[in-house]
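Take a look at this one chain, the form predicted alone, written out in structure tokens.
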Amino acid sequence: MIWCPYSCETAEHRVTRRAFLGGSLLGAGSLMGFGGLTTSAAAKELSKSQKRVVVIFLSGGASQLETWDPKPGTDTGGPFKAIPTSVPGTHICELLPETAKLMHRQVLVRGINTTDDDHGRGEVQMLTGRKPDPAFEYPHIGAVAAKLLGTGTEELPGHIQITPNGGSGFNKQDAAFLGPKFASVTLADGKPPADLFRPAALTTTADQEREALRKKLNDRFAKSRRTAQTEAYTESYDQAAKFIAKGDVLSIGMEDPKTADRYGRHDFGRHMLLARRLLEQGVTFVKVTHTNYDTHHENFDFHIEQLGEFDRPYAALLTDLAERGMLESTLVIVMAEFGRTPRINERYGRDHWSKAWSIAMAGCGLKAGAVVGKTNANGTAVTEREVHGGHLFHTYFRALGVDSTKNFYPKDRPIPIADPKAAAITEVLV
């Protein structure tokens, strides 16, 4: 269990470690198919056109006032200045100097109101595009992206999460009715789970013979006793096998040292560099978590530290993707579960605030440099183009070229890909 001393004391911030293949694995079979990813022979050539997504999740709730929507000189503004960016007239917080230089590649959405200040529910809304429903679970954006953009022939799992701590393994919940094939594989600290790879004492031939026997027995068992649990086990095993076969992709030590220096030698820098490697190798969706922004105490000191760690790796990723010809086909999203209160509390902190906050995006299908939405002078309310998680979810998939108004059909029941009561934010789309 890990506790951050400047976070609120909710269950979401006590992280439990889980085994890679452990737990009760549930799920249904796969559903509708869309094309998109590459085979290994064509990966390098086609990597510029295949669609992919990377989410950088600022866990705990980064402050919009210390990032994308600063309000200097107001009663809520705090001590930091707003600095000009590469887009004339657009300013962001001075804690993001490298990011500011690349604003011409980005989009800001400043009018978000998700109306829920709870960590867990806020995260669900941002990752599924719906408010939590106790009667029904919707798949997370990573599972939907892996489903809609994948071909089923990828050499690595299509839905990967990189976390700073805890949770290595196979996450059955985030794929919901899409089934275990599209559930995430989590890499704690960007590393595979212990003992995943073949022991040195086991020869390749012996390993292949053992695997052939395992598959034969598994197939025989499945013919008469196939269930959601056996399907989930098979999928989780296959996910692990893919990593075994392509283990070098996790070795960021193979990168040019100058590249590693640009991203930074700290954990978040390593994780962002790994994300780029995974995307380049055909992974459809990667989520990188940067924690912890839950700054109820000493908000300004902690944002100096956290954003000082975020700024350079994020700018390095955008630059790297652009230089490799991948940014135009990669959707980059920087989000959190909510923002922070404009009011500064008695502990020099900011509390949970979902009523008026911001995210940033870059890359695929976006009108680079656009800023949509506006908050009032001290950031307490949205005054123009208010949106919520449903609008954002539509926007992500429209940017990727997917018709987000279509349905999935689990058990012949039509389930819209995105909230039918919302629509895409067309002002940011090309």
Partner chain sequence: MPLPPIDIMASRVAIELKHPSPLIGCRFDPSGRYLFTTAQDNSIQRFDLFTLKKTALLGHSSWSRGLGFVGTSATIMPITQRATYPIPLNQGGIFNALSSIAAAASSQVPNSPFTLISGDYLGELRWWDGTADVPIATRTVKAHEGWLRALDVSPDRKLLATCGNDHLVKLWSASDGKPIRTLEGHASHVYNVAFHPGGKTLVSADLKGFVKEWEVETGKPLRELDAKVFHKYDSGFAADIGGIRGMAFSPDGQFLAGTGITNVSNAFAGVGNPLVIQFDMKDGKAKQLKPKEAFQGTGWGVGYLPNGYLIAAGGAGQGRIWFWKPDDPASAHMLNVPANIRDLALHPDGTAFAVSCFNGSAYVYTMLPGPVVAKKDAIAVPKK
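Residue numbers count along the first chain shown, from 1. Keep in mind that what you see is a predicted model, and the values were worked out from it rather than measured.
This protein has a second form, the form predicted in complex with the partner chain, left out of what is shown; the following refers to that one.
- With the partner removed from view, the residue among E298, D261, D189, D207 that has a non-hydrogen atom within 4.5 Å of the partner chain in the predicted complex turns out to be E298.
- Taking W353, F243, Y348, F177 one by one, only a single residue has any non-hydrogen atom within 4.5 Å of the partner chain in the predicted complex, and it is Y348.
- Taken together, the three residues D116, G120 and W357 lack any non-hydrogen atom within 4.5 angstroms of the partner chain in the predicted complex.
- Heavy atoms of L156 never reach within 4.5 Å of the partner chain in the predicted complex, leaving it off the interface.
- At least one heavy atom of Y293 is located within 4.5 Å of the partner chain in the predicted complex.
- Not displayed here, the partner chain is kept clear of L202 by more than 4.5 Å at the level of heavy atoms in the predicted complex.
- The partner chain in the predicted complex comes within 4.5 Å of no heavy atom belonging to P132.
- Segments offered: 105-113, 132-140, 76-84, 272-280. Contacting the partner chain in the predicted complex at heavy atom distances within 4.5 Å is 76-84.
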